[in-house]
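So here's one chain in two forms, each on its own in structure tokens, numbered structure 1 and structure 2.
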Structure 1
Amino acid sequence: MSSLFLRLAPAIALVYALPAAAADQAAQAERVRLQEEMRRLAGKSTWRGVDAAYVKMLALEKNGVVLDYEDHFMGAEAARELGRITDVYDRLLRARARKKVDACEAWIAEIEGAYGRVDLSRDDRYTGEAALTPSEMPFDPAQRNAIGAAQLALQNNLEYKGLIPFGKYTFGGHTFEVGPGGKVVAHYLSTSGGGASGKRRDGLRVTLGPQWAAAGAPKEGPSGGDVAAGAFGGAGLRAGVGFEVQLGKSPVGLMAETGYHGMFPRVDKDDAGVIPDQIGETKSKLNAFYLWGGATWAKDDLAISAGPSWFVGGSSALGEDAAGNPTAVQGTVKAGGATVGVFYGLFDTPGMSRSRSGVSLIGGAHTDLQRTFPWVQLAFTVSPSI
């Protein structure tokens, strides 16, 4: 039976490979057809047709088709003629990824020297002034077209994410300036507070990083046949996800976060050393889930969060019985306390608007009324931003 299968295996593989190969050949043939169509339409200055053909070519990439420099560059030329500067820039970057050409590099540098990226949007219930207005309309037709495209997108789609020329603008109640440096300028118009407000702290927050956790000695020692664990501590991990909401136009908001709070297992020793017959049980460890809620305050890239917190989970440690004999202690921990965190943003979070990524220093202390559980964490954090 096995020898028959081995003889038939190449034929079976060929049966499955033929449809895939045929699909690949069809996609490549369609790409060649669209290339010819793009060149023909470009010769007639039919740029909408060139743009449509380019978009169809992009869709072929999911079938394994790789577009070349000329495809992307011609797509950029079509977008320029249609007044879509953001598409021009994105397509030039695609062309650059395929091949370095002086004309493409010069065009990219020209755009980066005159345009900045914005992320503007408004709530569909917002009824105030929502126009994007430049303090001074540029003379360059391409720049005027870029502003017009942004204004039209805000009117029809309630948002615009793309490039506009350097300069000062007003959007609802916001006045801002777009300039060199590459930072995305983001503003959101909401109904909060009856007017325009930056959606400063509304969004997802994620925290992940190492921590040092500890448990203090109990207030009361063992009595009778009871067993009490001594103090213990060590390195661990803390990871959480939550949400923040800004209160009106103020820099103050509310936050809530939940996640894992743990300490890596480590072998504890008493004065006489590890208990030989219980070494597997005398590893100090903590595995808990936490809940943290409270207030936030934010200014630019700095944010501070503080409020009550709780955790519940299991722990084990080396302890002693009433007679002073070392023994393993395991149990459930339920503790409440407070947590404070300080965040500093370092860069815009890729793929997420109005979000910054950076570092946080977070610490807190909990108690179950018998002992305290202090901890401190240095974490990578994703936080809502302007």
Structure 2
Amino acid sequence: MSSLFLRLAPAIALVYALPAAAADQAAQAERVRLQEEMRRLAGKSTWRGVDAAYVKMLALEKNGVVLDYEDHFMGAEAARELGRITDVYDRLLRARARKKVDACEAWIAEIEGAYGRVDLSRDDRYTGEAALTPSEMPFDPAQRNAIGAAQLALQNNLEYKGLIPFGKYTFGGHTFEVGPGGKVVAHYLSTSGGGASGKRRDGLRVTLGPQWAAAGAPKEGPSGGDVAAGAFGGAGLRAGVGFEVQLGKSPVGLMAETGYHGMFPRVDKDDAGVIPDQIGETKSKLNAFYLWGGATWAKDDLAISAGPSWFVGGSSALGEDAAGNPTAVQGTVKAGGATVGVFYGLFDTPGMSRSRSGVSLIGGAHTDLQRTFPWVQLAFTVSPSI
């Protein structure tokens, strides 16, 4: 058996290897075709096509095709003609990895000696002057194209991260200089204008999620003709919307949020867990609107918010009268206290710039001077982000 296997092994290996080899051959053939296409398009100065062909060639690397120095160098030339100097630099580094050529080395040195990195962006609601303008347009077409590409990216994508030529620029009325030293120049144009340096953490916040809410026992029992609700608690829902504004360049900001704070209806039972016979089945519930304001502190994806809060609404619960008989109690609740929330961003909010979505753990306690109303919520939250 083993002898038979040994005799068949080469054939089996061949059967399995043939498709892979054929795929490699096809990829190689495609590479040759793309090289021809690059040559033809370069002759017509159709650099977008040259660039597209290069990107397709890059994809062939997954099939085992190894691009050579010439491929990467022409890719760099195409990227330069399109003004994408950051891609030029990347492709030159790839070319250098294949072969050390003086022209490539000189070009890399030239880029490193003439370009600096910037991180420029603007809020999509920013309405002021947002053009990136060099103090003097360079003669070198590659440098002009790089500036043009940055301008286009800022116009279309509201941001540009990459290389631009050394020199003085204005961006949204803010003047800055790009020079040697490797420092990344970052500027962000916020809705509040002014072109302040650094990004701002302003924007909408939304919270939605289940909560556990409760009402504690009253300090004093009912007297005279009064009735008093007993303690109750259970699962509920809390949903709110608000706004957050960063204070200056600090990690601290201000927030305000309002929304619904409630507890799902729950069948009332006495302390022994029994529905009182005298009144039959009643339900305790809470439906309130809350207002929360306070301070925020944020670092990267972590944000903490804390401040005073209030809610007002209606509730019902099992209670008792002055004689100690069970009774259903309904009334208005007005309570004040404090709320603390911790947010952690997990992903960029789809369709919103500088917004992160993630989870929050929020909790707090209110009091109407008669009883406390604690709650804790685990929520999906949308929060402004840098």
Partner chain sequence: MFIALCLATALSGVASAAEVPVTGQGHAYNPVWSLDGQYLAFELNRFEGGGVDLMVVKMANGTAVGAPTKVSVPGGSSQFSAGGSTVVSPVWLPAGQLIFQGSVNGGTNRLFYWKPGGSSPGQLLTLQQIAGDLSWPTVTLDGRKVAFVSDATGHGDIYVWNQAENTVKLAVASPQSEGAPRWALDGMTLAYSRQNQGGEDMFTWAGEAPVPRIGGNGDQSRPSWAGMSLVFFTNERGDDKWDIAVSEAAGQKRTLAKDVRLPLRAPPALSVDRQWVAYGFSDPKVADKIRITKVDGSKSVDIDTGLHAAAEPSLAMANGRVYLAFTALPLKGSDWRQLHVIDITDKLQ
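For clarity, every value in this text was computed on a predicted model and none was experimentally measured. Take the two forms, superpose them, and find the largest set of C-alpha atoms that agree within 1.5 Å; that set is the rigid core. One-based numbering along structure 1's sequence throughout.
Here the chain appears twice, and structure 1 is the form predicted alone.
Superposition on the rigid core between the two structures places the CA atom of A335 less than 2 Å from its counterpart. Relative to the superposed core, G75 undergoes a C-alpha shift of no less than 2 Å between the two structures. For W47, the Cα coordinates differ by 2 angstroms or more between the two structures after the core has been superposed. Taking the rigid core as reference, the CA displacement of F171 between the two structures comes to 7.8 Å. Aligning the rigid core between the two structures leaves the CA of A150 offset by 2.5 Å.
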